[in-house]
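One chain follows as structure tokens, the form predicted on its own.
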Amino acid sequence: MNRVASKWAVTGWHHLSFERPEDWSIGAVTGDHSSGYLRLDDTEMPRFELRWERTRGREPVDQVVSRYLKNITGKAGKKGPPVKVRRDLGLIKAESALADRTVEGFHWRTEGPDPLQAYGCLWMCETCGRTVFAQVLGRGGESMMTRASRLLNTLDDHARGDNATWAVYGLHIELPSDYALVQHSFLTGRIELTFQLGSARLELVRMSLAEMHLENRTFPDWFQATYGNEIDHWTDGAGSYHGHPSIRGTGEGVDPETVHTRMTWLPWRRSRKKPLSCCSWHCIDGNKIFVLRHLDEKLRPDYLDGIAGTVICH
């Protein structure tokens, strides 16, 4: 089925970022900054695959492409439909994208009663030292060249400047590029991302269906019941964050790295606390709640305010 997406959105993950049709969502994600895999699906099938890994020595890019495509064609097996491959396609047009990369574009297509196809590219980036493999998938009868070209030409593999974009499931935040993602959780109605920079820890939680969480309580009452035990000083600041009812507070939070599950009665195994800066707001327009917590050796509420200002909440 040929369908043209009316809206496009940004996905940002481990310093990889690209534009994609808004109705494509994450179907699978694994790995970290060094190596990993991300797949986007629509309601019918997988639509985009992205793999990245540390570049291995000086292996020529055409040999790496051959290795990846051999893996794809090999999966068909002797009884599977044959696969036709075209290589050396000039899918990446932007000069800035070609400046620090060795790139090869390709197209493959299966034959048979239910053919599939993909436009993709593989490159090695001299700046970040990663090899990136990306392909846009479709049915054999789809006209997908324009869509694939648009996505692939927006694909970037490292931060441009001091900040990096993190954007998944409609959540969008800009963070200093030195932050590394150490934990993530995608649950229905709740997204949690945890970042580390040295000894500092930044936690972001987005909850959908805010009215269900509030349970007829005011936003300050909900915040007090949920996070008040960590906050010594907190203020209501209506309009402080994106024009929404908000809370800003400081206190002490438990450092998760010091939490032990065994022999906690020993003094040296007791959990330790760190200065905590926290901000939270109720996005009425999107019916969502956002919570940002920053654990560091010193309180930095103004620093957290700057990060909160990069969140796109509706």
Partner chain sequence: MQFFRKKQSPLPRRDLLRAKPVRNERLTCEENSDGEIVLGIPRRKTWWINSMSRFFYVPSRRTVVLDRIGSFLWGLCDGQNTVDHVISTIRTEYKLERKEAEVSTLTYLKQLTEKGLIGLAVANRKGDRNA
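What you are looking at is a predicted structure, and each value in this text was computed from that prediction instead of being measured. Positions refer to the first chain, counted from 1.
If you look for the form predicted together with the partner chain, you will not find it shown, but the lines that follow are about it.
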Among 30, 34, 43, 63, which has any heavy atom within 4.5 Å of the partner chain in the predicted bound form?
-> 43
Which one of 72, 182, 92, 209 is close to the partner chain in the predicted bound form, taking close to mean a heavy atom within 4.5 Å?
-> 209
Within 4.5 Å of the partner chain in the predicted bound form by heavy atoms, the stretch out of 101-109, 130-138, 185-193, 152-160 is 185-193
Would residue 284 sit within 4.5 Å of the partner chain in the predicted bound form, counting heavy atoms only?
-> yes
Is residue 254 one of the residues lying within 4.5 Å of the partner chain in the predicted bound form, judged by heavy atom distances?
-> no
Proximity of residue 170 to the partner chain in the predicted bound form, heavy atoms at 4.5 Å | yes
Spell out, yes or no, whether the shortest heavy atom distance between residue 288 and the partner chain in the predicted bound form is within 4.5 Å.
-> yes
